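Coming up is one lone chain in structure tokens, specifically the form predicted alone.
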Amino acid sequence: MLQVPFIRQNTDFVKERLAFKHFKELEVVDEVLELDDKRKKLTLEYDETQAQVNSLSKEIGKLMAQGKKEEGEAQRAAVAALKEKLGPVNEALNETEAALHNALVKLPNLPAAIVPAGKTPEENEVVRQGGKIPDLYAGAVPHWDLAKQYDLIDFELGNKITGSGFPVFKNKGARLQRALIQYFLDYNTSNGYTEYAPPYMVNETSAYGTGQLPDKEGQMYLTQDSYFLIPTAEVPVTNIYRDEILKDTDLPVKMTAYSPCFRREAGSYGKDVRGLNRVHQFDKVEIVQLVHPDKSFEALDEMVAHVEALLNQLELPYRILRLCGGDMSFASAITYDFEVYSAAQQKWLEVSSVSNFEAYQSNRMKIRFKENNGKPQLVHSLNGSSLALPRILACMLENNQTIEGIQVPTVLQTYYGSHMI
């Protein structure tokens, strides 16, 4: 959530950056300022009236003690009249504060200066590319055929048990999935991230804190008890420090977690969502950092390099994209997407997003830190996938298939227990 003082001091800049992100409701910026003016006026009126009540209340006792009963009763009547006035002012203040909050949450985060212009994924900027795209043998097939041939994933069984988009991993497929999760967690913890095993459901406050609400409620599953199934471990993990004030020496806070992720993906259909390309439940390992505001872009570069190293060790061809203003998420200030190349499908598939949210999430969650005896400041929050498994697994199967079988990347062989599937 953007901060009102910043909006007030930089109104034209805020509107320009929101327009850069292709946000069309720029009148909300003016609405925020008008509501803030009204809030200040009502706050002043309430405080001044309350101060009068306090002052007159003190005088009543003195007048009564001096035997000035008539004057004391007059003061008491004046206090009662002022208190009656306080009620409507307080009610109007509460309504104004609620309206201000509702207006503020409509505003997305501002894109950073280095975010490229553009509206569609085709306008994202390729930062760099790595790995080698393999030349597959003539009989190579996509991962959904490999899954059936080697008895790794049963898509039909998942459809029977739950529905489309809920695959069942089995035999060597389940073991490979487990190997990837363990490898990712070990890599992350060896690089200073503390591991968590978070809940897989969150309350509305947690979903609001990371920006899923009110922007992405249509993508999440909601239980009868009003809990949301998590779309990513980012949500519970970042909320660990909600309403906390850290010491500057605590920063950076580096956290990692494995979780299943649940996304409705409403409207997804066709050949582009076949197999593991787009599913409603999938496994992912997440990394999250809370850092000093002066160091968030340094942390962003570190996290991008961290994910890139994972892909290099898995020997997968990849490219890194800097998302344009119109393709970024609601809460992000800057995002780098990682895509791996599926040689059998001859297409790029997204496997990770690494984002800097600056103070947008921390303002919602009130995650702050103090330097020495200074005033609490908002931390900056960042997160990234390291990595999302479905498309990683799809590309590993497709790119490493041979006539003899499917080769397991060297770095995974100890975890998996073999060099071939």
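The first residue of the shown sequence is 1; numbering continues from there. Everything numeric here is computed off the predicted structure, so don't read it as measured data.
Although not depicted, the form predicted together with the RNA is the subject of the following passage.
Note on the partner interface in the predicted bound form: the residue among H101, K247, K160, K132 having a heavy atom within 4.5 angstroms of the RNA is K247. For the options E371, D47, E70, D30, the one in contact with the RNA in the predicted bound form, meaning a heavy atom within 4.5 Å, is D47. The candidate spot formed by L213, K216 and P409 lies out of contact with the RNA in the predicted bound form, as no residue has a heavy atom within 4.5 Å of it. Partner proximity in the predicted bound form, defined as non-hydrogen atoms within 4.5 angstroms of the RNA, places exactly one of 164-172, 77-85, 186-194, 332-340 at the interface: 77-85. The closest heavy atom approach of R39 to the RNA in the predicted bound form falls within 4.5 Å. For the chain shown alone, L26 is not a contact residue for the RNA in the predicted bound form, no non-hydrogen atom being within 4.5 angstroms.
Although the partner is absent from this view, N54 contacts the RNA in the predicted bound form, with a non-hydrogen atom inside 4.5 angstroms.
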